[in-house]
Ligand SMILES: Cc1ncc(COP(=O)(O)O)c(C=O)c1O
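Given as structure tokens, the chain that follows is alone and in the form predicted on its own.
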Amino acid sequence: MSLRYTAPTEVRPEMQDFVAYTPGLTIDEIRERYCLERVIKLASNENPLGTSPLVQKAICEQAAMAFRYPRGGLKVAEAIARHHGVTAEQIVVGNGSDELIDLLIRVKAVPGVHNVLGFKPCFNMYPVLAKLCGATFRQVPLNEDFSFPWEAMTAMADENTALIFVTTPDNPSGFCPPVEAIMNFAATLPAGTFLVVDEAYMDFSDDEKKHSVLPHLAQLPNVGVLRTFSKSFGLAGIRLGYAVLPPSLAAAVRKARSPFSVNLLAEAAGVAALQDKEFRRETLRVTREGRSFLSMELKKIGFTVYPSQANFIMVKPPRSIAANTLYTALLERGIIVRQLKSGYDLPDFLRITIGTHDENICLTQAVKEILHA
């Protein structure tokens, strides 16, 4: 007699209508699709200058040790602490900020009991990971000008609100409130609610001191900050992020983290990136000047350009062309920007990453050609 085994197909109820994060189009995909020699990617908020030479050297030197297990990012955590003037006990490093978002929800939110809050639209990993962890995700719509409705968020928070995620500068608009607004908001929250301020793009602001809550954490026991090496440090492909948290919460997150999530190459890259101050200064200069240039040039030809302190701008094309039509026409010319219909529910808008000066000029010239066609 033969026995037949049926593989179990049941999954958690949350997975029935689960929508996974979809990465943007790659240069190779567009090059092959349209038979192009050159493709400019201005869609994923990556560093326009690439990767620091010091980082590339550090990765090569560490490659021979790839057979060894890593030590959990201890060296890079210490380097980050020195960089920000905080204690190493406050730093938790992870496999990108995504892992740290996931861990904070797992550590703070009881499945089926607690809720997590964010604005709408927001970085879509917040709702994705909250749902995966069994927590309810609630959203407060942004104001019409994409500024933050603080009072509405305070009103939505209750005794079961474990976490609130706020991104500043915000994605996709680039809006960046003054730090006093964040501090005042934190003071209005229920006793058990922890505010996570995601400062992934804070480096690019014109005046970080006016906007970043990180230097004020000693006064804010219910606030933590997320930062990343993916943007100004040019390490998006390495996957390295970090959180600055109260020591007790940081210790809990480290306990929950996979012991080897930060690999040897990522740690070496992070330490080297913090040392290469010239590369980072040049990245910030190119980005800030490019942001000003693109904003001015696109406004001249009828675009609505929203004020941004990030390494991207959000735009609304002139009435003569739909956002999706412009997006497709740019793809055909080898320029990738970000549609905001998927993930953000903003079908009339596009997000454009700041590129090199040459790339920014190519974009504006292509847009003018499309509009005049």
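Model, not experiment: these values are computed from the prediction. All residue numbers refer to positions in the sequence shown, first residue = 1.
The following text describes the form predicted together with this ligand, which does not appear among the structures shown.
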Checklist outcome for this item: Counting only non-hydrogen atoms, the one stretch of 134-142, 198-206, 284-292, 83-91 within 4.5 angstroms of this ligand in the predicted complex is 198-206
Checklist outcome for this item: The listed residue (T167, T161, S173, S212) that reaches within 4.5 Å of this ligand in the predicted complex by any heavy atom is T167
Item to check | The single option of Y126, F233, F194, F119 touching this ligand in the predicted complex, heavy atom within 4.5 Å | outcome: Y126
Item to check | Partner proximity in the predicted complex: R257 to this ligand, non-hydrogen atom cutoff 4.5 Å | outcome: no
Checklist entry - So in the predicted complex, does any heavy atom of R239 sit within 4.5 Å of this ligand? => result yes
Next on the checklist: Given that this ligand is not shown alongside this chain, does E297 nevertheless sit within 4.5 Å of it in the predicted complex, heavy atom to heavy atom?
Outcome noted: no
Next on the checklist: I'd like to know whether D98 contacts this ligand in the predicted complex, with contact meaning heavy atoms within 4.5 angstroms.
Outcome noted: yes
